[in-house]
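Take a look at this single chain, the form predicted on its own, given in structure tokens.
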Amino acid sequence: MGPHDVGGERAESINLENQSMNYWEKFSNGLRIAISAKKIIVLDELRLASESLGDDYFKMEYFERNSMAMISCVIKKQLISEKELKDKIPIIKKKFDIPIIDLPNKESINHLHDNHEAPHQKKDFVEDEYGEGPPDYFLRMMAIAELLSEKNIISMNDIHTKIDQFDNEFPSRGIKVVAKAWQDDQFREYLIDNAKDAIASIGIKLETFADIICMPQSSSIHHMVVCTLCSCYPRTLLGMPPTWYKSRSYRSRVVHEPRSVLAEFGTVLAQDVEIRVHDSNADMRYLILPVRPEGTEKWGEEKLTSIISRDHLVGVRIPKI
């Protein structure tokens, strides 16, 4: 069993706070998606490389593991050499060298306030940057990106396009699909029968090779999604997975105590409701179709989308009005 396989372990409560992504993380994610979208390196290869880190797997943050996996794959596939990467990293690092300027002595500068000289206060001179620069893994990812761009394998525009899509397009797609299914019974049945084609029929190109399976909630069965091996998730349909979805606590606990996990999200179900947990993988992702709340029968699409969130489409929460 690899370090990634945590399903069924005992773990602590889930931290529900979702951390926003900084630029380094967005760039690393954009690079990974741009490469996998063109089948240059597929997800299974990246995940195997990540899982092969052994004991170091849990010593690294999520995007650092992705970085190490990416390095392993591009070198193994001879897309770039170790020497090329080693030579490129100092060039990338130099781009972030900036002069450190001493702050002025507040006691040596006065300014006029109500026509009287007044000294500056300490809070008037506060740095808003700490000067550490980007983390090492980002320098490596930037180096890989530039080398692949120089070889015309991918372009920097490919990466920036993915960053923009994750910020502005992907997170709203699944919400739009659910609102359509709530209003159109024929589309709803199409979605449940063949989700990927149904989604394509309303003009959404998912750019994923994985299948999409739609599971409809009901009064007797509640569906929820996990990836016990890593963080498989329909990113081009829902955007980036939330921090808690990638956490060891969620991935390990949801398969053996789903009712307790749901309660931590504020979702308390009757004991006679059956809970089904679906484990995503590289070839198969899930979209949960929540039940349309009563009282929304006359609502239009815009108003319906306002009560749908990503958590509903993963199955950890239920939409309400």
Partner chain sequence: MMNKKKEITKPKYKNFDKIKIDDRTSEGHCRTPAYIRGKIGIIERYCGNFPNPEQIAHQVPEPKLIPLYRCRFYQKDIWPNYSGEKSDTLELEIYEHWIN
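What you see is a predicted model; the values in this text were computed from it and never measured. Numbering follows the first chain given and starts at 1.
One more form of this protein, predicted together with the partner chain, exists but is not displayed; see below.
Partner proximity in the predicted bound form, defined as non-hydrogen atoms within 4.5 angstroms of the partner chain, places exactly one of 156-164, 84-92, 175-183, 189-197 at the interface: 189-197. Contact check for residue 151: every heavy atom lies farther than 4.5 Å from the partner chain in the predicted bound form. In the predicted bound form, none of the heavy atoms of residue 56 sits within 4.5 Å of a heavy atom of the partner chain. At a distance threshold of 4.5 angstroms between non-hydrogen atoms, residue 277 is in contact with the partner chain in the predicted bound form. The shortest heavy atom separation between residue 211 and the partner chain in the predicted bound form is within 4.5 Å. Shown here without its partner, the chain carries 7, 47 and 273, all of which come within 4.5 Å of the partner chain in the predicted bound form through at least one heavy atom. Shown without its partner, this chain lists 206, 71, 229, 147 as candidates; in the predicted bound form, only 229 has a non-hydrogen atom within 4.5 angstroms of the partner chain.
Contact with the partner chain in the predicted bound form, judged by any heavy atom within 4.5 Å, is made by just one of 281, 36, 267, 296: 281.
Counting a residue when any of its non-hydrogen atoms is within 4.5 Å of the partner chain in the predicted bound form, the hits in 239-268 run 255, 256, 258, 259.
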